[in-house]
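This document starts with one chain, in the form predicted on its own, laid out as structure tokens.
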């Protein structure tokens, strides 16, 4: 069983590629949270995996929320692993995960880091198609190495993307995310075609449609930016980000 969260396709692609090697089923955390599905029977599971992106050198808020409510019936020291997708470094996101799992009596057996296309456009510009493909080709090598280790149930730290002083990096960066995540910078332009996709994919139900036009009716969200990246007309914008920074969804996975 592989639990994953993904807004722009990187972690979804990673989870599905690993599942194709390990023959494990996947569970999308967004759908699990929406349906309030927090209890899973893992008595017949050999491996239990988590594939999630790194936000500000830590875990997305929806991942922490899900783990706090998660109950695995039939857990008896199965192999549990974490795969972190990131732009460059993962910081101490694995340390955060290990602590949350420990509270549930679950031991993290192994961790992996997968460098992907960085798509946090409030700070970075999406690279061109050629660079994206080069980065995804490299990512596939990391994913396949991880999948082989996971299938063999390798124990330990396989993460080559933690960066220097990961604890310090997370301590410095993560509070900005944890105490921020304001929805105020989201704006909608007249290019909106009222398709409703943003509301459909919002991980935390922060978007409400009024006459077909989206409004952010919660003060905070996961800050996954899925609504912005996947808007078909790019009508959703981030007030403080240049439109030149572009949009991104992993081209090698179905939305």
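Residue numbers count along the first chain shown, from 1. Model, not experiment: these values are computed from the prediction.
What follows is about the form predicted together with a small molecule, which we do not show.
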For the interface check, one of 64-72, 48-56, 210-218, 187-195 should have non-hydrogen atoms within 4.5 Å of the small molecule in the model of the complex; which one? 48-56
Should residue 7 be counted as a contact of the small molecule in the model of the complex, where contact means heavy atoms within 4.5 Å? yes
Within a 4.5 Å heavy atom cut-off, is residue 87 in contact with the small molecule in the model of the complex? yes
If we define contact as a non-hydrogen atom of the residue within 4.5 angstroms of the partner, is residue 119 a contact of the small molecule in the model of the complex? yes
Would you please decide whether residue 225 lies within 4.5 angstroms of the small molecule in the model of the complex, comparing each non-hydrogen atom pair? yes
